[in-house]
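Consider the single chain below, provided in structure tokens and representing the form predicted on its own.
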Amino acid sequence: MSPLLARRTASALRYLLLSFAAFLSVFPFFWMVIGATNTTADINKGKVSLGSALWDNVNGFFTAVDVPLILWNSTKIAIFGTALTMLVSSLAGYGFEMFRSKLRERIYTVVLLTLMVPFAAIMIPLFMLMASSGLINTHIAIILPTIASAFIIFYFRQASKAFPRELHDAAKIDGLKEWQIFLFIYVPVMRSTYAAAFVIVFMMNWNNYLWPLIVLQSNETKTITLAIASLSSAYYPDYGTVMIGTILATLPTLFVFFAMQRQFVQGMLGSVK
């Protein structure tokens, strides 16, 4: 086999493998959209073509669920939770990298060790803490445990290693205080890192299911993920209606990701501007 033919064969195999991987990635979304147009009976039969039950499924979902309320609940939790997580975790990551002390690495090691603790291990103590604070069935109980994210702190500290320390030193010489350096120099320079962290944290908060399931106990406080779960766990679930809800729950995360796709890639690659 000639070198040219070998290269073309290898390239064709790579494209074939990537096309297959792309198909596997897109197929669940394709199945969700197709299922939203079919009846439950058609979905159970495995029908993979468009049906005529779209508006019936839409009406069924909007009748069974207070859609504006659950979307508002999910949006409120996602926006406020993401903003607070970005603020606290970026400050922590900045501090761990910029300030030197004897205890810095020990404290940072303890923070990273919390990543090894599964949520199931702290679920009951956390519930008892929220109950004793009177925060059960409130959105504050959902937001508070996510503010100090060990992973996002780790992410910001690693990204801060690429932050030019000369800028920090020059700002100190010019008389800027530490909060001014963080707000007016660090944040603009690390904006791609913030964009990537925003996408990750927003998706985590929007798709959060287990903790809201435990804490939120009334229909007025439930999120869209809980509403979809309650529909799918019915004795005779209407899968077409569930697919409509799933599409509505997916659209905000898709919009955020595609709107910030370029910045997300730059942030994940560690680029600094």
Partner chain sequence: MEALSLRGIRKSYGSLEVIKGVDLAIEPGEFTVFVGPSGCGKSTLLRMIAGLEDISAGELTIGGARMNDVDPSRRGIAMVFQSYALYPHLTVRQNMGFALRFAGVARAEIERQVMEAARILELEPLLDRKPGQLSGGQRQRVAIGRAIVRHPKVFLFDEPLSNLDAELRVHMRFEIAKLHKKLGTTMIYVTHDQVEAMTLADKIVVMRAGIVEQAGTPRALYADPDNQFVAGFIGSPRMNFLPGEIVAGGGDSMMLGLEGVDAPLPLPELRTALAVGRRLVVGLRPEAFRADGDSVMTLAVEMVEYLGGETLVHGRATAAGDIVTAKAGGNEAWVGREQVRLGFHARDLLLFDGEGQRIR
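Numbering follows the first chain given and starts at 1. Everything numeric here is computed off the predicted structure, so don't read it as measured data.
If you look for the form predicted together with its partner chain, you will not find it shown, but the lines that follow are about it.
For the candidate set 115, 120, 128, 173, a heavy atom within 4.5 Å of its partner chain in the model of the complex is found for exactly one residue, namely 173. Among the residues 136, 79, 147, 167, the one placing a heavy atom within 4.5 Å of its partner chain in the model of the complex is 167.
Screening 199-207, 176-184, 87-95, 154-162 for residues having heavy atoms within 4.5 Å of its partner chain in the model of the complex returns a single hit, 176-184. Heavy atoms of residue 104 never reach within 4.5 Å of its partner chain in the model of the complex, leaving it off the interface. At least one heavy atom of residue 189 is located within 4.5 Å of its partner chain in the model of the complex.
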